[in-house]
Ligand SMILES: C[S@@+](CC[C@H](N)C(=O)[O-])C[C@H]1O[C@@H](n2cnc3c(N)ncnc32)[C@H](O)[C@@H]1O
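Next up: a single chain in structure tokens, the form predicted alone.
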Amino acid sequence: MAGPVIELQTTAVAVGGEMVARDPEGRVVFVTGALPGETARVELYDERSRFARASVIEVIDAAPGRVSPPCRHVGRGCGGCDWQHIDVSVQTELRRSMVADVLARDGGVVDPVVETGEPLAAAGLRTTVRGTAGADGRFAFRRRRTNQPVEVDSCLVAHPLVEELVAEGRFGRAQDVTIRVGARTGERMVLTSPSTAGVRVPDDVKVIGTDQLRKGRRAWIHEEVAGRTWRVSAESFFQASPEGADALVREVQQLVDRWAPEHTRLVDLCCGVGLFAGSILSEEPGQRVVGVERNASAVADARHNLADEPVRIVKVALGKWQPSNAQVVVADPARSGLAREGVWAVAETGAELCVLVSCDPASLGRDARLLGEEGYRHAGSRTLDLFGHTGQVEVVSAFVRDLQS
């Protein structure tokens, strides 16, 4: 059932990628399909007392930077990319301004320094995509705001090794389909839920179902990043592309080199498969590293990946970890961020520097405020476009401890 249609003017970008407007009564409306500074007719689809959500149905006065979506599936309702109507260079600036706004508003950072990191291609990089199976078993993304499948035979943002499986694979009646590849090794894997029934893909592709994982079976691929080969299991997290992972490592290393180059003790919180624990180096010899991770699959991968390095991997939930002394903490938490227990853990290490890798600006804003309460000053952030054509943003931030606090 269609909702009310009204005319609005957008003013800014909100966390998550929607644009902000106000209706005639002054209520905040979050609008998809718009840019800041546009006048558009929108359909309200979620109305609350304090805010509403809407989608653009007609642009009356377009803002500079509006383009025709380069992927034909956007017009069919595919919900995989929400910013294809925005020029790539404008996407970069919107992500930067989104982060600066949230650091000032929610993080309490006065005049936050937020810069854009090294450029990454908006298309053809993503080595992991998640979707479902359509009526005939073809890969499908979900329609915007619904679970209804939209079958696709291509994907603009996907790596070619992924796109081949999107186009040619058959996934039975799987409710969830994850395609993951190693772009630099050529290895490929498909994870389906609840089982692998009806899955048909090329012989080189590893196929595993969530039912098999529950019974203890394991499967993995390998990827090459930062001069190392990394094992990544089906239930382990890894960055969206090797190019993006390389860029993150470089950004983190630059901050460590600037603020704590002579450290000898480093802690990698939420270390995943060990990317930062195995890549961030000190100018001093004999660096000791502790990695902290709760996910069993990632812990197994990290111990395998770093077996030849002086790194100790601790399997424990962040809130139950007994902090080790450190001079540098690198933290790459999930979307929910460090939260109070994670910030407490950072502070208890006594580290002079915390490098925080964030994938959600709202969590970054909250974590910045909590770190500030523990005496850590925001020393700058850099945004990375790991998720081209979407409102998602990856942020690398430095927080330096004020020893006089």
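For clarity, every value in this text was computed on a predicted model and none was experimentally measured. From 1 onward, residues are counted along the sequence shown.
Another form exists, predicted in complex with the named molecule; not displayed. Remarks below refer to it.
Using 4.5 Å between non-hydrogen atoms, is Arg250 touching the named molecule in the model of the complex? Heavy-atom contact with the named molecule at 4.5 Å: absent for Arg250.
If you check in the model of the complex, is Phe237 within 4.5 Å of the named molecule, heavy atoms only? Phe237: contacts the named molecule in the model of the complex.
In the model of the complex, does Val267 have a heavy atom within 4.5 Å of the named molecule? Contact with the named molecule, no.
Answer with yes or no whether Leu213 is in contact with the named molecule in the model of the complex, where contact means some heavy atom within 4.5 Å. Output for Leu213 is no: heavy atoms all beyond 4.5 Å of the named molecule.
Interface stretch in the model of the complex with the named molecule - options 287-295, 184-192, 128-136, 203-211, non-hydrogen atom within 4.5 Å: Result for this chain: 287-295.
Scan Ala307, Ala121, Leu281, Val316 and let me know which has any heavy atom within 4.5 Å of the named molecule in the model of the complex. Selected residue: Val316.
Option touching the named molecule, based on a heavy atom within 4.5 Å in the model of the complex, out of Ile179, Val329, Cys271, Val99: After the contact test, the surviving option is Cys271.
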